[in-house]
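Two separate entries follow, structure 1 and structure 2, each one form of the same protein chain as structure tokens.
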Structure 1
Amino acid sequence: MKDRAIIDVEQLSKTYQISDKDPGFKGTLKHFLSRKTFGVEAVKNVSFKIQPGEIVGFLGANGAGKTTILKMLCGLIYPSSGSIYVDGFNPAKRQNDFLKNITLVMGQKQQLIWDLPPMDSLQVNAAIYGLSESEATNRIKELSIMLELGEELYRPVRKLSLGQRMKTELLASLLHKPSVLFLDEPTLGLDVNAQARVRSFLSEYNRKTGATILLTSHYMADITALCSRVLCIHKGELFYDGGLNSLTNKLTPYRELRIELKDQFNPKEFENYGIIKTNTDRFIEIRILRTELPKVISRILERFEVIDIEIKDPPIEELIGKLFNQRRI
């Protein structure tokens, strides 16, 4: 029997009331005397469940409603309708026990005090969450080792690189050992190496603690490295909830074959095998139906002297872009 869902969202909706104002002084005066508003649906009847220990990717274009949903899950904004339960709590009530069980990390926001070393902010956080001095010391030591932080904890935040700041932000957010992590673009603006280190840390943290993670990111490498399941949202509506591999198979019936041959070749010789993407010198890339793949590879190996062969799916960015384009039609 499956564990009880740690995140349970049913028919969640959020409508914002926006002022309908004409431009100019006349419009401002009219708006002051007789204000008119209209509703904008940011989230529409979204339902999903997440089991304890899952890492789930939340995908969607800017303005799709991802951050609005995360804020409702944390209790920062109230839903217009529907229900939310996170670890058995209603987030809107903002109970202390609920707040001790969650954390929200936003890549474009910071909680550390700019002119002070991270260690000072960490001690403040420890006091807020009621950690003893020994608990805080042990927790900071454990997380700093996992995040590869050392002297950075004793330098003013403004002196740290973006990657170092992001790691210290993660440490501060996880100091109270939350069971549910809401991560909104945690690798935003980081270089490739820093992104990889953050992904590695999150994977290890999930493995060691069993924490549940809901992650939004525009970097598909974050999603493919961490998430086996994804939620896709467009204009406030959830239209896909399932495995990342299943999504890939659904979006494209093809796989890509990159072949290195011993000798130069005539590209026309490969036209019967699939769709030729590129060919240079002794290399060729062709797109082949998944169902035809074993047969095609066998025929190529029989006919040509092959040095190397690589099989891969089309780039995930291409597939996700295609998915959202189709959704807009």
Structure 2
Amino acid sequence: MKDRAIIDVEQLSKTYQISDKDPGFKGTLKHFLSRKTFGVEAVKNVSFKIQPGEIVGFLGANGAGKTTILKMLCGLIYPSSGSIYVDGFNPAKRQNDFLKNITLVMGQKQQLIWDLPPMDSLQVNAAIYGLSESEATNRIKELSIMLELGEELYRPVRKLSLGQRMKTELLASLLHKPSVLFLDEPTLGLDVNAQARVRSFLSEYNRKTGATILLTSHYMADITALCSRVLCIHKGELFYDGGLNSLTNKLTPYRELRIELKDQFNPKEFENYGIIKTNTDRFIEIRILRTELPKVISRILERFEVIDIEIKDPPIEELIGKLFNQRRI
């Protein structure tokens, strides 16, 4: 293993060979008789390191190459070039000691046997990973408490809701206590409550076990709740690797204030503090320079009778969208 990083990726690239087909009969004939295959570079010279215990978010639009990188990191697909070390192993070799230490969770993809209760699949996983009966029982109990699972473990998987299924999938994937978790859209399709439960579980799991987590998600709430560091990828190229806060700071030097006043006010009185976004009755939203924030708040509190004040960042989705368009920080 190179230095202390648990995940060490150097100049990683992956090219898929694909062939396009025109629509219709003519296209089919042409595709059959003279198929032309060409290489599509899904990942281009990506390098990064992740330290043990870190939770890192992978951001990128659909088809950016996030899932391809995750699949290479867990040894599911082979890189075209470059090197990967995960916990000191080359994932492509798929050694048992490596496989026992990692897990991959893919949202909406299942490993549990559809017609049987999750417990049957869990017993198979426990045997595959060499857990004794008592170890498996304790581990299932521990994880099911964290995931708020009970009788669902004894009902056929096909009878469970999407949220319950996702939680049982997480349980099955974490039964062997992996120290590296690759999560590909773990909250995909879940309702807001289920998303929040999965998030708090992952956070608690990381805190209790010190596991390293690399996750992709389209829900920014997942990233902001769990990750202090993000990797941004666009068309297979990594163009940002750093803190989520510094990403937000660099992208937007503003913060938003939502103020509730005791009495009605004249909006013009707020024009000197920043840019007014909305104002209705006793509520006003203004955008203020981050550097000016403490000074402006104290001035507003001195001048007006304030009932409530809320400070927030502009929506992260907006920032990320901007980032992908710019492809630079």
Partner chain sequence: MSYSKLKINVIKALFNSQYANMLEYRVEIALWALSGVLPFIMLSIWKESGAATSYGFDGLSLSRYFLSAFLVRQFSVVWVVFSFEEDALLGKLSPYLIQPLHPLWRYLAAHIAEQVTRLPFALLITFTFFLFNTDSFWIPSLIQFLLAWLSTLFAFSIAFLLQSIIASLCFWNEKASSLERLLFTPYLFLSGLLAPISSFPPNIQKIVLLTPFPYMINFPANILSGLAENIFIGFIIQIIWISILFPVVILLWKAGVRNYTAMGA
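Structure 1 provides the reference sequence; residues are numbered from 1 along it. It should be emphasised that the depicted structure is a prediction, and the values quoted were computed from it without experimental measurement. Rigid core here is just the name for the largest C-alpha set that superposes within 1.5 Å across the two forms.
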{"property": "Structure number of the form predicted in complex with its partner chain", "result": "2"}
{"property": "CA of D22, rigid core aligned, shift of 2 Å or more between the two structures", "result": "yes"}
{"property": "C-alpha of K49 off by 2 Å or more between the two structures on rigid core", "result": "no"}
{"property": "Threshold 2 Å Cα movement between the two structures for L70, core superposed", "result": "no"}
{"property": "Rigid-core-superposed Cα shift at I297 between the two structures, Å", "result": "2.6"}
